[in-house]
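Okay, so here's just one chain, in structure tokens, the form predicted alone.
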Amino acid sequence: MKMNFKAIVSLSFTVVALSSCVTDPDSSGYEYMPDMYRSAAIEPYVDYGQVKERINPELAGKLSAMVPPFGSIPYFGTDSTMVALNMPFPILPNSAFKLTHDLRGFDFSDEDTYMLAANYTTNPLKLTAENADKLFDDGKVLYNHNCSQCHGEKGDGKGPMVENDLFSGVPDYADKKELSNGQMFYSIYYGKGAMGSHASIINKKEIWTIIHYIRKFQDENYGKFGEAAASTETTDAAN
């Protein structure tokens, strides 16, 4: 009797295992309780070709995440200052960036827009005696997370990626005092040389914060007020 029971159990498992095999290369076979990991509510990056017993071949292999309409601006709340900081940058990327940096989702210009950015001298994120310490603290965190790998913690172009010969030609910020705020934003936002675009990684306010922090590498008095006021050159760059 025991042998018969074992044979029946073994045969049952064999039948179930074989019946789970399918010839469709895209199929994962039969699913155990699919409602545990296939939400009935629409979610991004889920294949809704089959939900429970419902099969819809037209949805198979299609992403449920929708791309926002071209030109859409993310919601940044009702703070007018924050909203203004995150409005589109007025200088467009050069059309060559579509090939050189695989830049997508932007309007483009055939002009040398990097040079046009040289005339954009204003950092719209105003630096004041009240917010300087916090801006530099935030800038340090953002810089170390996004820039120091190549540019180095001191902005000298000697980050670990450079020291390990994975990249070359990274400048020392101390030698780039002539760059306007617009050129620095342009380079971070759209990319420049071997550096790719950071537009999808950090928002515009964060980029302007990083630029304030970079200015500290160029002038130790930058962001100081009162008797230790920054030089006229760097004060103009901040205003």
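In case it trips you up, residue 1 is the first one in the sequence shown, and so on. Just so it is clear, the structure is predicted and the values come from calculations on it, not from any experiment.
There is another form of the same protein, the form predicted in complex with a small molecule; it is not shown, and what comes next is about it.
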For the small molecule in the predicted complex, the stretch among 83-91, 144-152, 127-135, 70-78 with residues bearing a heavy atom within 4.5 Å is 144-152
The small molecule contact in the predicted complex: F167, any heavy atom under 4.5 Å: yes
Applying a 4.5 Å heavy atom distance criterion, does V51 contact the small molecule in the predicted complex? no
Using a 4.5 angstroms cut-off on non-hydrogen atoms, would Y120 count as touching the small molecule in the predicted complex? no
So in the predicted complex, is the small molecule close enough to V46 to count as touching (4.5 Å, heavy atoms)? no
